[in-house]
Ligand SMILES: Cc1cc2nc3c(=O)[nH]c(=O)nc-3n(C[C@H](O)[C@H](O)[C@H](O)COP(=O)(O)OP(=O)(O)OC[C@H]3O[C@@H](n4cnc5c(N)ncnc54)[C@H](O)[C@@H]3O)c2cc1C
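Form predicted on its own, single chain, as structure tokens, below.
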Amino acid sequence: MKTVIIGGGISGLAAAYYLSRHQPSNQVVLLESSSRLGGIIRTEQQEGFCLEAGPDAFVRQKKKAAELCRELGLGSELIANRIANQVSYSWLDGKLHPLPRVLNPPIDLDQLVASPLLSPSGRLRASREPEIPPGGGVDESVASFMGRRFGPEVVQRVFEPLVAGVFGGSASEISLPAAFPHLLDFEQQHGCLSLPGTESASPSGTKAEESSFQSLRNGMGQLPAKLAQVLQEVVQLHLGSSVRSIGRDGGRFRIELESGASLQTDSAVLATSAPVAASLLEGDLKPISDLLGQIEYAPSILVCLGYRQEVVDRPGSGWIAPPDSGKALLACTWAHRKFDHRCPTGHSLLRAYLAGRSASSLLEADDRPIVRIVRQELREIQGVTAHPVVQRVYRLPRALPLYKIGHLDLVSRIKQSLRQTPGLFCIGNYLDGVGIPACLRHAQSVAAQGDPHRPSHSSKSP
């Protein structure tokens, strides 16, 4: 049997790895259009600074990523984020204020109500959350759900920047059951999101005194690099191989390459973004293409700035800004505070993010105006006046899929269409979660029993 995987990001590499283990007799070919593997996971080392072009960590509670790292011999390279610096801030009225922990229930209502981010009327409305009856469990936006429970001010000043930071979209358009199903489940089970006498969990679901995230000592790029090294012996890896189209010839798939060559295969795994996958499918596969084409993405620009001095004057891991703050920057992570081994001692490394309209308008711009905007706003928000010795701009036109209202129904229809097309699979962060562990689980399910929409027991592990 022959399987062709299209896309050499983390999903495609993981699918190739799990296929080589679960189905060793399967001939696996992986095609990547660019000159490198890893997709949006990319790490560069420059003058002692560890620069991450994409995700810099994975959630510790979701164990699939750490398990894979250990299988690959990277267990000794795993590092946890610094516990003392888990606090983050939100920019409001010219100041950085501690951000309440609200992404995992039970939410500490006392902490939320005491937040300087809220006005007296906003605090009073939020304090009534335990009295608000649960909704009907329908597909509603994060803004609708949280506005019903805590009031519009909490949505505007707390959840809007958080949602924009995670999904690159507005809380009024992102589906709560698709993006944060645990919040809906908790409301349905307990009737509210805040319980008296409890401490809020961190965004990973762990308690505040525990580390929430894990990474690798020399950056997340170690993971795809190790996968590629392992796969060289068992999988045919082809870089610079762009696919033009995918069609069906009887019971097999025909893959046409931009080079003019073609491949015949028993099964095809599309491990690309949804728009790219949609652009490749033709003939009787067009209905699946039409569904995939409905998934939208948010662009992002990431700017890494390295300094030969400490430029942060408070504990914490960074800050976010509400989309209506008037700033181009959506967030800034203090990478040297978040993880060890990110820069030399006494130095600083900041990762600044632009998303949405700000990113869209600057995607085609040169690095210089982008860095100028970032440095100006860091000066205004953080008081950073030092000159960076390292600066790197990374553009991600399709950084994050937007889990909009109706996303779960759309994904259900995509999966149903794939079930009716034996041998064709789609995997990626637009289906069952944006994090690395979710991508790995889905890739493993393809290899374990050939159907990613009916996961085996092993694929259900967190």
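Just count from 1 along the sequence shown to find any residue number. Since the model is a prediction, treat every value here as computed from it, not as a measurement.
Keep in mind that the form predicted together with this ligand is not shown, yet the notes after this line are about it.
Mapping the unseen interface onto this chain, F49 falls outside it, with no heavy atom inside 4.5 Å of this ligand in the predicted bound form.
For L109, no non-hydrogen atom is located within 4.5 Å of this ligand in the predicted bound form, even though that partner is not displayed. Under a 4.5 angstroms non-hydrogen atom cutoff, this ligand in the predicted bound form has V243 among its neighbouring residues.
Remark: L302 counts among the residues lining this ligand in the predicted bound form, judged by a heavy atom distance of 4.5 Å or less. Within 4.5 Å of this ligand in the predicted bound form, a heavy atom is found for every one of I6, I40 and I436. This chain is drawn without this ligand; in the predicted bound form, the residue among V411, A66, V393, L396 with a heavy atom within 4.5 Å of it is L396. The partner is absent here, but in the predicted bound form a heavy atom of V276, alone among V276, L195, A80, V389, sits within 4.5 Å of this ligand. Shown here without this ligand, the chain has I41, G54, P55, D56, A57, F58 in 41-67 lying with a heavy atom within 4.5 Å of that partner in the predicted bound form.
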